[in-house]
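The structure tokens that follow cover one protein chain in two forms, given apart as structure 1 and structure 2.
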Structure 1
Amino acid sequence: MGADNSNGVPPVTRRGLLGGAMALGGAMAAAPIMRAHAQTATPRKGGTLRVNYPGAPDSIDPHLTLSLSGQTLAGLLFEGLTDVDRQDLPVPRLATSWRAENGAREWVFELRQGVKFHHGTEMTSRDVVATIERSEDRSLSLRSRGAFGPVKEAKAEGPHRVRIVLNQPCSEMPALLANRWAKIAPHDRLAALPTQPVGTGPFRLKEFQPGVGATLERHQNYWMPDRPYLDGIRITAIAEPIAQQSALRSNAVDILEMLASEAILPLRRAPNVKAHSVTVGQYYAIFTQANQAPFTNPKVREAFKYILNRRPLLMTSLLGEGSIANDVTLPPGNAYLPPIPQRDQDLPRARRLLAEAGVSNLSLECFCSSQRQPSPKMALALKEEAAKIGVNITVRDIPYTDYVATVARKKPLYISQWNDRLTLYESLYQIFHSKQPFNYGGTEVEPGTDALLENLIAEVDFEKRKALAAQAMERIHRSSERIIPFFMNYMCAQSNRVQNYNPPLHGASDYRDVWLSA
């Protein structure tokens, strides 16, 4: 899935296949950081890269930010213990090597030496332990809680070794720690993180303007020699697609991140511009919340999965910039994706399932938000198709904050946005296990699914894990509370001046290797 594709059919690669397999297996030697794309010219140093997101960073605290622009900012200022490469293989970042002990119940990470924070002190195990403790502190309610895995305890073993003890075995820790929230901060600056972010990242914060953007400058003591190439980065926020286009064409910005489908079409034809549309794991789920009537009955949940006609919906909602999904959370091309037949619209079957459940004359409200496009289009499509089997749906388009406060986790039927998740721990276990935070209905998908998911994340053998994942996903496909009609491509565009830029596969962009030609 590293390659661009615009027809919705991604090429199958090693991505995901090896991600889990190589995560385990005793000691792992430090591997040099490899990049997927070879450089054709000598990188030129200097210059400021101007990047636009549709919304400004919502926070400069790496453990709190929800917006993609904020997560990108966090990824430039801070670093995690690991990274994943374009094939989703875990590669060293602040940790140089790692090993599992006690059946993946404990993980030992060797830290990179000589890494300096922006304020000059050296990064040690003390910082890693303090960061994990802050992130897990319940009284702080940080978004990053759980980002370091099912942590029981983090212990320093000397200045450059950390042992993470888990509550349960987790075989995917190295890839998991590459997630967007697991960023390491200095122990003496943790309290000041919300206003003065200090990390080890390739850039340091020069200025942050709430609602406007941020300016970053090069971190002079960055541990990678010759990186970053850029002198600085400016993150701006233009929301209007037509104004975004004009900014790129008139050379007011260099990269447009997070484009909408209607914005990328004209940019494909624009001179001196390269447009990207890549398959990633972001999707909108139609929630049929399992602890709310009428969806407490699994047959009603299953019936609703047969209502939508997915291909036309993909065309109308995303102008085709995505791929059809099959009600499971893994995107096409993922190595764990089992060969479950693609679900299509089947209204007689939906009607029959509803009858079997003893439900008739259904009348429901479906909540969506115009601030989360294209959720209203999906709600309207659901309304139209559901009417054909006598289910009456009223579409309620409300402001996003209202939605957060009154709809999510509380109403039976609504549309919710989900970002790409790297590991099975995040994309299956945390989302479908009934005791995990993102199972909104708090209900087991089908009897026995919880145990299956627990075995799955503890399993260290790739083939066995794949078989367990297939079993879990069959149940999820049939009975879970999430209807997932399509995955949305990640779309962005760059000026030809920008070199060595690859669209992000997991949300946040990394501009460490980017340089600007003259």
Structure 2
Amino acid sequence: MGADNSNGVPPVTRRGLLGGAMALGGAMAAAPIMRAHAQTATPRKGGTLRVNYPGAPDSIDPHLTLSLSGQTLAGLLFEGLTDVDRQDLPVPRLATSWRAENGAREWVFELRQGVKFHHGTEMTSRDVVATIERSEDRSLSLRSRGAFGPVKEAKAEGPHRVRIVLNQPCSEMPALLANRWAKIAPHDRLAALPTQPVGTGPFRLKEFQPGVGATLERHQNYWMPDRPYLDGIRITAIAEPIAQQSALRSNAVDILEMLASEAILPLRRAPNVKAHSVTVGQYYAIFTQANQAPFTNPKVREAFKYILNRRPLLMTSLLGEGSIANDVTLPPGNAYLPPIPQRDQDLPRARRLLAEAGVSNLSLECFCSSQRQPSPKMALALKEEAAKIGVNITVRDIPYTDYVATVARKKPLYISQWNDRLTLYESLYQIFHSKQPFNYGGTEVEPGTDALLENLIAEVDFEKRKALAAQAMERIHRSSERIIPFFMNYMCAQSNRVQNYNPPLHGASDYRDVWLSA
């Protein structure tokens, strides 16, 4: 669980123990949905919550959206089989209970009955199976491929029971299915999701304006009869920090999500405003994409990891609102993180590795977007430090929509935002296995790493899994295509009229429990 502070060091949490907590032979009994925290006043119903992100949702298809605003929108319209509480433990959502069979190669989920989609039909096992099949359809190139685990087959066993058969054991399945892309949609509306999203969530879409924002209204037949409290939500997009602050101070918006550090500092002193800086596993990665020259050579990838001076970069980019990272995706305090020596700037070593790779007179473009702060500051720092060893970098700051369309997965050097992921399957296997969707270069980190990651996900014993994770991260630290200089706090601010709001721990916000005072 994240801590709401500014020291930049996340505490040890139970998220690393999720897999070990699953009983592999018996049923997981239904538990109550965890509320954000105990109510201190009687909630007031009504009103429209106005939420601002630096960029508008990029898609209303829950299986396609990439932006954090789009993922938040998806979580308001759609739901998954499970959720996680504030301690990062899985709890029921559309499924009421689950059990593992066949050594965690098969998982059986009992579905909640009486849940209605926005268009009036009841959710059944047919919808869950059809959703999983759509997500795994390679021809659709959806972001959700792999979100439901290493799926071999999904089968309906009656109207309210689903069996998910896996290609390998996965003890993390209940937590994994709480991820941002594992959203259930109706089987009869799957083709229409990009234009007419229909889910079971607490809100339904009223209006979507590409590049501008979205308006939602309460789902009157939501399965939790006392939720949501709000009549609706309006999501807007203001990117400039001064304009964001002005909007909150003037009561034009109620919540500012995804703030930059320069925006949150003055808001800490603003009247009638509460600012949050929460320690999470969110980071920006400098991609040295391994399937494009010059980064096809692992020595060049390794050389670039020694260029940045990380601590000054943390201060200049985030004003200290974060923690130093070590080129692996698990933040400090994670139970699986091995004691890898901290990488620091070493320009002579970087120069030597480039020489060993036969690379000289190197000129590259580094792509970033001011709509995703602080990526331009990171790009400029890389440019300045690289020049000291004779590497010429030109920074290209472009609109985020152009970045998504023309840069990510397509250019050799760029900066990308990544949010926290709950499980090893998401944070290691899906990102670094060469055949998984978030390995952008489609390249094995080092020979044998794919097999090591496969064994990691298949292992159900915690101590053995921890040892395999340590081996994998040593390779990732040395040769992966991601440079991760720091983890950044999640920063946001709210008007005092917003009640029962908690900053998100894993990216997307959930406003089911939020209400507005008079």
Partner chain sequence: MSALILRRVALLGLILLAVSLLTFAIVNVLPGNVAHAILGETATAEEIRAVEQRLGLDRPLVERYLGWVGAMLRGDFGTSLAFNQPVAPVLLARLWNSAILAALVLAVAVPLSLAVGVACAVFQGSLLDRALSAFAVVAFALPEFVIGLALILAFSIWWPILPGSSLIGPGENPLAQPEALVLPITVLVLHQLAHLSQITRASMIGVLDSNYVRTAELKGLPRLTVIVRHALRNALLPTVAEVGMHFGYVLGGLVVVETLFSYAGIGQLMVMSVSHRDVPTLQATVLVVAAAYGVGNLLADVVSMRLNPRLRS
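Bear in mind that the values here come from a model prediction, so they are computed numbers and not experimental data. Rigid core (definition): largest C-alpha set, two forms, superposition within 1.5 Å. Residues are numbered by position in structure 1's sequence, first residue being 1.
Between the two isolated copies of the chain, the form predicted in complex with its partner chain corresponds to structure 1. Shown are candidates Met488, Val253, Ala56, Met123; the hinge separating the rigid parts that shift between structures 1 and 2 corresponds to Met488. Once the larger rigid part is held fixed by C-alpha superposition between structures 1 and 2, the smaller part shows a rotation of 18 degrees. Once the two forms are overlaid on the core, Ser360 shows a Cα shift of 10.3 Å between structures 1 and 2.
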